[in-house]
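Given next, in structure tokens, is a single chain: the form predicted alone.
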């Protein structure tokens, strides 16, 4: 059993990374392997709408996308976390979401004619457990949270919730102080518990 956590912040060691690693650590306490991926250390270009993935069954842009894709494909769960940029996610994680989702759709499905309805067989992410985390100084967390949540649901993940939305308030004046949001961390504790318990149950059911 494994969960991959992707930090979409361009700043290493910041509040979003703290939130991601904190949640992974709680999941790890349940005996599940975890891995943190910092997008600020990766080269993930934006989608160019070349449609090469339809025929090649993989994205053909030569960067770190495929490495990340394979890690997610091999995992049981995925956490994607982003700081809030103008009430949305960062360009780093948006580029990743676009390319994972679009290239993943064609791995097991052909492109249909314009007069034909799609009947998708699923994606490499089908049945995996997913959860979003957002971090903001004050506001915009819910709209950025929705960006991540909508991505999970259109890519056939099983989405896990908590007792409240998994968000942290931190970073006033650029401060790295996510550890001070006790209520937010409690929500991440419950998120981690729900995610770990579901993955364990799904694994036993296989």
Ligand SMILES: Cc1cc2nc3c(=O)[nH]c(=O)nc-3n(C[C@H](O)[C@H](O)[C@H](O)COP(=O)(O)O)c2cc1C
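Numbering follows the first chain given and starts at 1. Everything numeric in this text was worked out from a predicted model, so none of it was measured.
There is another form of this protein, the form predicted in complex with the named molecule, and it is not shown here; the text below is about that form.
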Query - Region of this chain that lies against the named molecule in the predicted bound form, out of 131-139, 72-80, 106-114, 93-101 [heavy atom, 4.5 Å] - result: 131-139
Report task. Would you check, heavy atoms only and a 4.5 Å threshold, whether residue 121 touches the named molecule in the predicted bound form? Result -> no
Query raised in the report: Would residue 11 count as touching the named molecule in the predicted bound form under a 4.5 Å heavy atom rule?
Result: yes
Query raised in the report: Going by a heavy atom distance of 4.5 Å, is residue 23 a contact of the named molecule in the predicted bound form?
Result: no
Report task. Give a yes or no for residue 170: in the predicted bound form, does one of its heavy atoms lie within 4.5 Å of a heavy atom belonging to the named molecule? Result -> yes
Query raised in the report: Who in 71-100 is close to the named molecule in the predicted bound form, meaning a heavy atom within 4.5 Å?
Result: 83, 84, 85, 86, 87
